[in-house]
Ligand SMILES: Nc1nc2c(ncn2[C@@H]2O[C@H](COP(=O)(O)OP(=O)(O)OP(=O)(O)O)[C@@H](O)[C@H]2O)c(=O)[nH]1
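Presented below, as structure tokens, is a lone chain in the form predicted alone.
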């Protein structure tokens, strides 16, 4: 699954992308092609596991982020940019909140572009589905119902994510690439002297997100990009001097993971301790398949316990003695923070 970083031109999207990916991608500034990279998800629980289980390697979960071209105000490139936005699973909108900025105007401009573009798609889709529905096609009738509800929201200048949708509704929205239905995280990109987001512009972003079905976070993209270039020891020293426990890209990456509808389980042993992202509500065999398709195919059962039990009881032996080690079958729904050993036979 992919999270697209969007925004108007010059708001700091690419700077944030380089911070998230720790400068591991050679970016093309100003290009109309997306920059694609993998962002590790800093996880305090993962680090804490190694206090109780000695291991050779620690591997964090990752997420794929796409730095999409800046949205221009009209112009010939707009449709190309919007096409890229339709292809990602969730959106991270960067809003400039420093120097000569107008956060409210920038968000309004972006909303307008996405809503108008969705209306064009929806109106055409309703016409086509309606013609098919007249002949009794139940799938087409369902599409007409969903699209009509979407159109009603858009006409009120509201994003379609504010609607109430079941799983089949969301599948229809995804099939049409409805941009305003995608989960949205608003990032208030602040200056180095406002890392806590105290300006009226940063506070507006937070308020707007709450009122419009999104989440928000405050980040200084320039500072985060500089921190990402440092060695670990230098990073720690710089953060301590600023009174911070971790770079802001840590909470940001975790927020993006949640935005994509993912949770995390762990495998832990002498060779490696590793975090694995899975869709929330995934059954145990699907989680096993994230590690390897053979484990899913030959799944027998999952032996698991909560990471919190490890932190409380300090060892896997103590977890077993306390009766906290569970043996779960194919119908088990994975829980965030499960530490798992999959038994399989192929």
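Residue numbers count along the first chain shown, from 1. Treat the numbers as computed from the prediction; the structure is a model and nothing was measured.
Although not depicted, the form predicted together with the named molecule is the subject of the following passage.
- For the candidate set 222, 199, 216, 258, a heavy atom within 4.5 Å of the named molecule in the predicted complex is found for exactly one residue, namely 222.
- Contact annotation: of the candidates 234, 246, 155, 192, the single residue with a non-hydrogen atom within 4.5 angstroms of the named molecule in the predicted complex is 192.
- Annotated contact segment (heavy atom within 4.5 Å of the named molecule in the predicted complex): 63-71, selected among 63-71, 41-49, 316-324, 293-301.
- The named molecule in the predicted complex comes within 4.5 Å of no heavy atom belonging to residue 335.
- A residue is said to contact a partner when one of its heavy atoms sits within 4.5 Å of a partner heavy atom; residue 11 meets this definition for the named molecule in the predicted complex.
- Taking the partner from elsewhere, residue 98 is found to have a heavy atom lying within 4.5 Å of the named molecule in the predicted complex.
- Heavy atoms of residue 21 never reach within 4.5 Å of the named molecule in the predicted complex, leaving it off the interface.
- Annotation for 240-273: no interface residues with the named molecule in the predicted complex [heavy atom within 4.5 Å].
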